[in-house]
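Taken one at a time, structure 1 and structure 2 that follow are two forms of one protein chain, written as structure tokens.
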Structure 1
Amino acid sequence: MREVTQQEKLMSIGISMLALGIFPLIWFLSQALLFRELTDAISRNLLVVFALIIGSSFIFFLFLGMDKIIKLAPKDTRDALEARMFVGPSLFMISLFLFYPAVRTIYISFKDRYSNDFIGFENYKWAFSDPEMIVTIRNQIIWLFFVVFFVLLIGLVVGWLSDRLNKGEAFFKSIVFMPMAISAVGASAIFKFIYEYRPPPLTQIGIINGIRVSVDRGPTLPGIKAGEKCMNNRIIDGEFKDFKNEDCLNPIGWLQQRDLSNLPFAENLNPDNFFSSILVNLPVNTMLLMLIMIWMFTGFAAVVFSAGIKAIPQEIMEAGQIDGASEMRVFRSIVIPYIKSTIIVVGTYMVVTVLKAFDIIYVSTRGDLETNLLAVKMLDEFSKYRNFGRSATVAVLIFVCVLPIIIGTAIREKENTRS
């Protein structure tokens, strides 16, 4: 292959700039200007017809023009330029729909309510001082930690155990995987019914409260069978029966509990003791909402892990067993290291999912009583409080949280391709 001369190199750079930069820009701008002028000049219907015709031919002429320019380039560099020509538009689209909005969101986050004036870091000061925002950030951290941890843990255990099953593994796994097929909105609605509360004389339709009100707390009197004195209020023999009794437990609005104070076993906890003060202030409603997500994603994690475990060569496992390693030891020293990268991938996916978690909160509590998450708070600031600056600030916070994960994934990808 002959050496590419300096002159040819320059020529190809010039042509690539012309073909991939200047020409598309001029072509695009000319269209934009044309339509800006036309919008007010001609009637709407005519404009639609125009837009249909020109819009559909736009891409065609764009590529035609770029191709014509590239044809002018020296033969050797033409292939590379043509490849770039096809990547170019998608890169442009990504920057238009992802990069530009991201930059603009950051820009808006430094402006006031209606994006009129710059207010410096006021919105960020608000984000870390407003009591509601602090609770929201606290919840987000609790969610990140617990949901990711439990999904990975339960997923691993289920994946490992299901691999040990002699038969019915597919059935078992599909049962565990089933919640994944339900949308988050549907799952939240299901759990809302589980946690449902009705004021006492009414029949409790939520299963937890239904069981709860049937519990007899007092000493069972001789002659009275347990479960007779306390029952869910309901119509028996055509008559509504109210099982009101001092010894029966009251129903609890589960999604309205911000701490344990309404639960009987927490009554004896001492709030001055550091450990029990954490327990007393345990945000019950947030925990119960996290359960929805854990329930939904455990099956997914289990199936992925189970596939990873299946890929472990049987010889290594057998070697371990022959050396006398216990089941636990095999799990820790062979299985975990072998599927480490799978764990990281699932973990990454879960972290991003939790940061984006929106539908569960939106459907179940809408962020009331200290259950809010950043994604819902972002929408609240936009539509409820009509504060675009703050809304953008919350969006930036989410973005900043996701950033390390994106970078981490990118680095890992690079290492993987290298090795």
Structure 2
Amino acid sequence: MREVTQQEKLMSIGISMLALGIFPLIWFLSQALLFRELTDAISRNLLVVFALIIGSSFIFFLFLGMDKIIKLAPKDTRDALEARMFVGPSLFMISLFLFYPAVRTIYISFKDRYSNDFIGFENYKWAFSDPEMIVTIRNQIIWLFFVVFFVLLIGLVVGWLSDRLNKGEAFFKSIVFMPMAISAVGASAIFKFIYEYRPPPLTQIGIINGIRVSVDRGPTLPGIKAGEKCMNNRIIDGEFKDFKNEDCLNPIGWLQQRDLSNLPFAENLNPDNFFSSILVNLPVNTMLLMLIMIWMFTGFAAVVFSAGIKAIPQEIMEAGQIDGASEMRVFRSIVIPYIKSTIIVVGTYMVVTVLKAFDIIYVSTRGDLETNLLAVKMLDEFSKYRNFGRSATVAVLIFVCVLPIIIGTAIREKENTRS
């Protein structure tokens, strides 16, 4: 085996630095400066044509020149240098648009309102002492626990049941998966109409309140059929029917309820009882908003789990059934352990999705009425209150929550690669 000389080592190091540093910098700056100057000089359509012809040609010759330089290196190192040549621009773009903003955000989180002066940990003290931020963190924890738990639980059950269907499995899965095709904004708008509330005597256009004000809870009067005393402001046989009667149920502002204290359900609860007190203080509006995300992602989880269940060898399932195990025992002792890695992957995805949940809150309540989440709070501090330091602090909190997920995923992938 030929010994590599000191000169060849230095040449390989120099070309590596060129491939990973100077070459990506030239690649980026040439494109950025060129098209920045041309943006105001020529029309957009002409700029696109120019980019396709001139821009791509420049990139081609840039890579061609880099390839010529790599051929000057020893043959043993050319493959590695060529790989660095193609990886270099990607690493540069990741560092520029991902790593640098993350470091910059952490830096700004230690500065004041307009990012002028350092104020130490004042923003972090605010994050864990401000009443509004404490409610926001509380909501985020509730979302993380309940949304992830119910998506995994319902997804597992639906995936298991759909796999047991003899006919119509594809149709059933498509129906369950359909909410995933709806955007978060669209799903929020749908549920906002379901929860809609209008102060009486206005007509209730929300589905829940529309049904609620049409229900009679009093005795049927002579000459009046059941269900005709209470109507949602309808004209029947020329007579206007409303829900002003004391026997009619009143509409409820579902998204306006911070707890259960204003609901008829809480009237029979003992406020001195510990569990009743916890029940009364449940944030109703937050839980109703969580239902939107659960509805959206249950189908996704069910389809993924169903695919994992189908990968279980049939012999194992049959062996459990022959041993006399019930369906529940097979599900608990065979299915869940076998698709454990799939459950972890879906759970990880849902944790990240919940941490960046934004659309549902923004469309439904705009974060008011104690329904805020960290992603919306970050935007509020940036655009509404113009406090860049606090906005960066909330962003750092989101990053800190995501970091264990990233590290855990990297460790798990490393273990899977070794195995």
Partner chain sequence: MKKPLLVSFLLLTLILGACGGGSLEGEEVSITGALIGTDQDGFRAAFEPFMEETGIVVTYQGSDNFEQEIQIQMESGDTPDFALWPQPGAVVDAANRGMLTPLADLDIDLEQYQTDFSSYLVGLGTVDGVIYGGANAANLKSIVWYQPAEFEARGYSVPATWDEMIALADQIVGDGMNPFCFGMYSNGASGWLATDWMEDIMLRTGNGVDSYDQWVNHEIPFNDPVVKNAATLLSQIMHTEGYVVGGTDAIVSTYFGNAQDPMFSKDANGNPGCFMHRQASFITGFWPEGEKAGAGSVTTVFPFPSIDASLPAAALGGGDMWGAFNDRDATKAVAEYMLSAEFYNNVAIRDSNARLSAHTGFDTSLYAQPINKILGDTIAAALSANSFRFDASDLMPPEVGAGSFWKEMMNLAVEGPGYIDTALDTIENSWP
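Throughout, residue numbering runs from 1 along the sequence of structure 1. Here the structure is a predicted model, which means the values were calculated and not measured. By rigid core we mean the largest C-alpha set that fits within 1.5 Å across both forms.
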Original post:
Is structure 1 or structure 2 the form predicted together with its partner chain?
Top reply: 1
Original post:
After superposition on the rigid core, does the Cα atom of Ser383 shift by at least 2 Å between structures 1 and 2?
Top reply: no
Original post:
Can a Cα shift of no less than 2 Å be assigned to Asp117 between structures 1 and 2, given superposition on the rigid core?
Top reply: no
**OP:** Establish whether a shift of 2 Å or more occurs at the C-alpha of Lys241 between structures 1 and 2, with the two forms superposed on the rigid core.
**Re:** yes
Subject >> Displacement in Å of the C-alpha of Asn45 between structures 1 and 2, rigid core kept as reference >> reply: 15.8
**OP:** Would you mind giving the Cα movement of Phe63 between structures 1 and 2 in Å, after fitting on the rigid core?
**Re:** 3.7
